[in-house]
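Starting off, we have a lone chain in the form predicted alone, written out as C-alpha cells.
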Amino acid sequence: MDDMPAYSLRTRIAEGRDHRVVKDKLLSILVIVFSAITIFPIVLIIGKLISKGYKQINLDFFIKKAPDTYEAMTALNAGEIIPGGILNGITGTLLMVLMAALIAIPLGLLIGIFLYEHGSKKYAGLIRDISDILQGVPSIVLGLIAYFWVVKNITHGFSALAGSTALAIMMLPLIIRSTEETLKMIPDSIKEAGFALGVPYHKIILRVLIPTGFSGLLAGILLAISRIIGETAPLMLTALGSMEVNFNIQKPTSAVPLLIWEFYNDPNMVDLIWSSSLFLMALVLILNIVTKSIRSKK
C-alpha cells in the first residue's frame, strides 16, 4: 500500500514525458511540412528556369552581343537556337556595378565608421534614420532621383554614369549598416590596446579596426552588390540600354536586367529571356553563397 503513491507519481511523470514527446514530434512534423510548402515554389521556379534556359547557354551566349529581331526570327523558323548572346549586358552590368562600388564602398565605410565612433551624437541618429529610409525606398524612386539629379543636370542624357549613381545610392544603406554593426562586434580592448601603444587614431581605424572586421565588411559589400545586380527599374530611367558593347561611361549602356526586359517585349526572344534569367539567378546565388561563407568564418 505504501508503494501506491510512488507508483502513481512515476506513472504521471511517464505520461507527461510521453505527452511532451508526442507534442515535440508533432511540432517537428509541422515545421517540416510548412518548410516544404515554402520551398516548393522556389524549387518550381529554379526548375523552370533550368529546363527552359539551358538551351541557349553556350560559348556564344557569353562572347556575342544580343541579336536583333530578324536574326532571332530566322533562327526560330529554321528550328535553330537563337544566335548571339548577352555580352553587351554582361559588360554593361560589370561596368556599372564596378563604378557603383567605387562610389558607394568608400562613402559607406566612412559613414559606418562615423556612426560607430560617434553613435550618440546629434547627427548620428539622423544619418542612421536616413540610411534606414533609403533601404526601404522602392528602387524606381531612386531611379527617378538619379534621373532628375544626374541625367537631367550632369550628364544631360542617359549614361552608364547615371546608372551607376542610382545603383550606388541603393548600395549605401546596406554598406553603412553592415559596417556599423560589424565594428560594434569588435572588442573595445583591441582599440584600447592601440591607444595604449600610442598609435594615431586614423591608423587604429585603418590598421586595426578594418583588418579585424574585414570579413564582416566584405560580406556586407557583397550583399549590397548582390542586391543591385538584378535591378531593372532604376537603369531604365538612367542607363536606358544599348545593343552594342559600350565602355564609355557617358553613353547609354545595357545590363542583363535591361536585356531581359527588352527580350520580354519581343516574342521572338523568349528563349533568351529564360537563359538570361538563369544566368542572372546563378550570379546572384553565387554572390550570396560567397557572402554566407565569409560570414560563417568571422
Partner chain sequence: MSEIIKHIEDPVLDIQKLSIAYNKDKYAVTDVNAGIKRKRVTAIMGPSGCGKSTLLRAINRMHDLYSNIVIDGKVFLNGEDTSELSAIHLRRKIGMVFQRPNPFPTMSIYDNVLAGYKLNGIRLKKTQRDEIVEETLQDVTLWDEVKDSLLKKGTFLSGGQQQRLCIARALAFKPDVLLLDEPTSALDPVATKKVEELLIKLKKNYTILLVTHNMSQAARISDFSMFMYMGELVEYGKTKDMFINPLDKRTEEYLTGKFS
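Keep in mind that what you see is a predicted model, and the values were worked out from it rather than measured. Residue numbers count along the first chain shown, from 1.
Below: the form predicted together with its partner chain, not depicted.
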property	result
Its partner chain: the contacting residue among 73, 141, 154, 190 in the predicted bound form [heavy atom, 4.5 Å]	190
Position in contact with its partner chain when the complex is considered in the predicted bound form, options 87, 208, 109, 103, heavy atoms within 4.5 Å	208
Partner contact for residue 195 in the predicted bound form: its partner chain, 4.5 angstroms, heavy atom	yes
Any non-hydrogen atom of residue 200 within 4.5 angstroms of its partner chain in the predicted bound form	yes
Its partner chain contact in the predicted bound form: residue 226, any heavy atom under 4.5 Å	no
Partner proximity in the predicted bound form: residue 212 to its partner chain, non-hydrogen atom cutoff 4.5 Å	yes
Interface segment, criterion being heavy atoms within 4.5 Å of its partner chain in the predicted bound form, picked from 160 to 168, 94 to 102, 182 to 190, 144 to 152	182 to 190
Residues in 266 to 290 with any heavy atom within 4.5 Å of its partner chain in the predicted bound form	none
